[in-house]
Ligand code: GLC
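Here's a solo chain for you in C-alpha cells, the form predicted alone.
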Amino acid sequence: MKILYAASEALPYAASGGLADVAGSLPAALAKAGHDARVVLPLYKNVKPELRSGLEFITNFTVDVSWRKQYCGVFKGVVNGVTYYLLDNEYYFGRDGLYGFYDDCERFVFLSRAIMEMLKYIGWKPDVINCNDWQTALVPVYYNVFYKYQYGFDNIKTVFTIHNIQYQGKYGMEVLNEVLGIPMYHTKLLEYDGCVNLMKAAFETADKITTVSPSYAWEILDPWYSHGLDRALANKQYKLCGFLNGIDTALYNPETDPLIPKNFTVKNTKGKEECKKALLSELNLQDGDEPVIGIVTRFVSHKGIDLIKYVFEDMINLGYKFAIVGSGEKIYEDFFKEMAWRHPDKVSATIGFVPSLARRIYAGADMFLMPSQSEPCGLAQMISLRYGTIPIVRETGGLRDSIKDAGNDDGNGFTFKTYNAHDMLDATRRAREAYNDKKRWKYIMHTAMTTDCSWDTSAELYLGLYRELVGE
C-alpha cells in the first residue's frame, strides 16, 4: 500500500512538539511492515545543515494561492527507509521558527495546495493521504473541490488525524477569497460559528477522522474537551476513531541511550541508580534515597500545573525531591523558580527546554508527574515507562489508555480521576508508600519497563483503517 503522511513537522527534519515524533515514527513503522510510506513537510530555514546537505532536488512548479502564483521546490531525503519530500518556498518557510506568524493561514494554505500539486510531478500516487492537524486540514478539502476528478487523482482516500483539537485554524471569512481561493458555493464546508474553521472543513471532507488515543476520540464529543467543535463532530461520529500513539523504542532505549550517564535493562536496573545519583549531583540536589519526581512539560494550564502549585509544599513534606524542566506561561515559570529558591536542596527548576537534560530526568527520576487537565495522547508518560520511571497521571485521553493504576496486578503507574489537587496528592502519597516497599517497587518498575509502547500495534490499526478505505 502507498501512504503519504502530510504534516507541518516531522523528525528528523523539523520539530516543535509531539506531532514531529509521530510523523517521524509512524511512517517508519508502516515501512517496516512492508508498505511504501512517505512523508511530506515544509523545508524550514531551521533544518540542520547536515540534513539539508543530504537532500536531493527533484523539481519545481507553481502553486495557486487564491490569485497568487507561488514557487514551490521539491527536495527528497531518505531516512530509516522512509522517503521525505520537503517543499521549499523561502517567502513562507525561510523564517526563524515554525509557527506564530501573522500569515500562518496563507503559509499552510500554500502547503496544502502544494502537496496536491506535487503529486503531478513525482511519479508516485498514494492510495491514502493521512493529514495532521489544521496545518494540513485543507488537503482533503482541495482534493474534493479541485482534484478528485482530474486524471491521475482518482480513488485517493484521505484520513485526518487530530493531535490537539484546541488548535483549529480559525480565521475571518475574508480569507475564503483572498487566501483559500475556494468558490463561494463551497462556503458551508469551511464556515463554523461565523468564521472559517480549517479543522471543521477537514471533518466535512476527509474519508476518516482519527485521534491519537481511543479515550480522546470520545472525550472530544464532550464540550468540556472539544473547544467548540463537538457539534461538528457529533454528525461525523461514523468517521471517528482513535488509535493510541507509540514512541520510537530504539531512540528511547535505556539499554543503548548515549545521552544518559549509565545504561541499564529491565533485568539489571543498577544503572538507573547511577543515573539518579548523577542527576542529583548535576542539579545540586541533596543526595539520599528519597524519591525524585520528574516534571518535563510546557508550563500551560491544561498540563495541570495549577494542581501542582496548590499542593507542592505538601508533596515536599511527603519527602519528595523535584527535577523540573520546561517553559511557558510566566506565572508558572515564576512559581517553579520561587520553589527552587525556597527549597534549593529539594527542587531544581530549569526554565527552557533542554532535550538532553529531559532525557537524564526520564532516566534518573523515580516518578514522573503528569496531572493533565486534557491530554490527547501524551508521549512523556510512555518515555518514562521505558526508563522505569513510574508515571503519576490523571485519567484523561491517552494517559488513561496507557497507564494502569498499581493498585492492580498489571499496574504500571499511579492514577487519579478527578481534576482535583488533593486527589493528585493522594496518588503521590500512594506512590511514596509503594516506593518504601522495595520488593513491590521493583515489581512495578518491571511492569512499567515491559509495557509495549512501540508503534507495532498502532501501525497495524492504522493499516487496518487504510485497508478498509481502499478495499483491500
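Numbers for residues come from their place in the sequence shown, where the first is 1. All values reported here derive from a predicted model rather than from experimental measurement.
Although it is not shown, the form predicted in complex with the named molecule is what the next lines describe.
Visitor: Go through Leu379, Ile316, Met339, Leu229 and name the one with a heavy atom inside 4.5 Å of the named molecule in the predicted complex.
Guide: Of the listed residues, the single hit is Leu379.
Visitor: Taking the named molecule in the predicted complex as the reference, which of Ser327, Asn164, Thr158, Thr83 has a non-hydrogen atom within 4.5 Å?
Guide: Among Ser327, Asn164, Thr158, Thr83, a heavy atom within 4.5 Å of the named molecule in the predicted complex occurs only for Asn164.
Visitor: Would you point out which of 284 to 292, 370 to 378, 144 to 152, 72 to 80 contains residues with a non-hydrogen atom within 4.5 Å of the named molecule in the predicted complex?
Guide: One stretch meets the cut-off, namely 370 to 378.
Visitor: Taking the shortest heavy atom distance, is Val22 within 4.5 Å of the named molecule in the predicted complex?
Guide: Answer yes; at least one heavy atom of Val22 falls within 4.5 Å of the named molecule in the predicted complex.
Visitor: In the predicted complex, is there a heavy atom of the named molecule that lies within 4.5 Å of any heavy atom of Asn245, even though the partner is absent here?
Guide: Asn245: yes, in contact with the named molecule in the predicted complex.
Visitor: Does Val212 make contact with the named molecule in the predicted complex, using a 4.5 Å heavy atom cut-off?
Guide: Although the named molecule is absent here, Val212 would touch it in the predicted complex, with heavy atoms inside 4.5 Å.
Visitor: Even though the chain is shown alone, can you say which residues of 140 to 158 have a heavy atom within 4.5 Å of the named molecule in the predicted complex?
Guide: Not one residue comes within 4.5 Å of the partner.
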